[in-house]
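The chain below stands alone and is given as structure tokens, in the form predicted on its own.
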């Protein structure tokens, strides 16, 4: 009788001890899991450290230094004395009130607008053209990338020779065709120099627009065009109702990056005209360069560079907001 009554108690104790043992077995891996998560998080941060250090040294520091310089009287003597007195907004007032700033601002707007329109329209047309299957398609697309791969200073030197008034290849070609009798001063005329510079920059920027827009067109499903053709959406209607809405996010990226890049173009203008003749191709970027490295007024050059950065940021924000509102509607 006592043996029978003791069996349930012994089985209960064994069960409770087993449950405790089982419970502790499940609780032990928790600290291990937490330590493994800590190690993974540590490794993630270690992988990020090189990128953060690189961004800080080569992007963050120059930007901060440029902002600080714009509030100082930073000249060549500063490199020897180490003294750069604070002048507040004097540099900004000086560059914004100069007679050359309005000319540079107008030229910058015309140069950017003309370049972006030309690059985008021609790039989009070529991207749509290369969607078709035909022999040597890939080779031709590869050749169109050459202007993008060449160094800008090399491109400007070649185009300076092509557009030369007396011995330029373009004037010789037009003369042989009987179109002109005397050489056209493409780079020395105040009315033609900016147009010539815009044309060269369009030539350089077409490959970028072509590459990005062609990639965006490849992502549009063919089923949409097949369904649209059943409803009569072919040709221009297909482009308007299918291609353009689907391509709009890519277009936003292309235009924003294109404007930001074009606003700071320096090599092409310096190589072709150096801002002349009579400041007809002077932009904010070239004016900032001249102030810094020709007149050695680093504070004023930095201030003008910051103005260019602000213009780029304002355009990017406004355009992206407008694009997002259009997509929402």
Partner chain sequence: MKSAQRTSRPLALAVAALVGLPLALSGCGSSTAASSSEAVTEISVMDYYNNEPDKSFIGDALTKCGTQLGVTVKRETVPGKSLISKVLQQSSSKTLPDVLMLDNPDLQQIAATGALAPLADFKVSTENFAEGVLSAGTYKDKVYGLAPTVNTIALFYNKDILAAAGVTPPTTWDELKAASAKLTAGDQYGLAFNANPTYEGTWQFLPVMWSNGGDEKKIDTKETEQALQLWTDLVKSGSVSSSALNWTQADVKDQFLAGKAAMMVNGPWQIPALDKQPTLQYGVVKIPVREAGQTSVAPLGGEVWTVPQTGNKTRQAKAAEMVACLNSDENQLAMATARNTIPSKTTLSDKFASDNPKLATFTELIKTARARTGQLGEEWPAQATKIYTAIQTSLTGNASPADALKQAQGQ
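Since the model is a prediction, treat every value here as computed from it, not as a measurement. Numbering follows the first chain given and starts at 1. In this text, the rigid core denotes the largest set of C-alpha atoms whose superposition between the two forms falls within 1.5 Å.
Same protein, other form: the form predicted in complex with its partner chain, not shown, and the subject of what follows.
At a distance threshold of 4.5 angstroms between non-hydrogen atoms, residue 160 is in contact with its partner chain in the predicted complex. The shortest heavy atom separation between residue 134 and its partner chain in the predicted complex exceeds 4.5 Å. For the chain shown alone, residue 288 is not a contact residue for its partner chain in the predicted complex, no non-hydrogen atom being within 4.5 angstroms. At the 4.5 Å threshold, heavy atoms of residue 261 stay clear of its partner chain in the predicted complex, well away from it. The listed set 234, 218, 77, 102 contains one residue whose heavy atoms approach its partner chain in the predicted complex to within 4.5 Å, identified as 77. Contact annotation: its partner chain lies within 4.5 Å of heavy atoms from the stretch 77 to 85 in the predicted complex, the single such stretch among 114 to 122, 209 to 217, 77 to 85, 245 to 253.
Contact residues in stretch 251 to 289 (any heavy atom within 4.5 Å of its partner chain, taken in the predicted complex) are 272, 273, 274, 276, 277, 278, 279. With the core superposed, residue 39 shows a C-alpha displacement of at least 2 Å between this form and the one not shown. Comparing the forms between this form and the one not shown on their rigid core, the Cα displacement of residue 54 reaches 2 Å or more.
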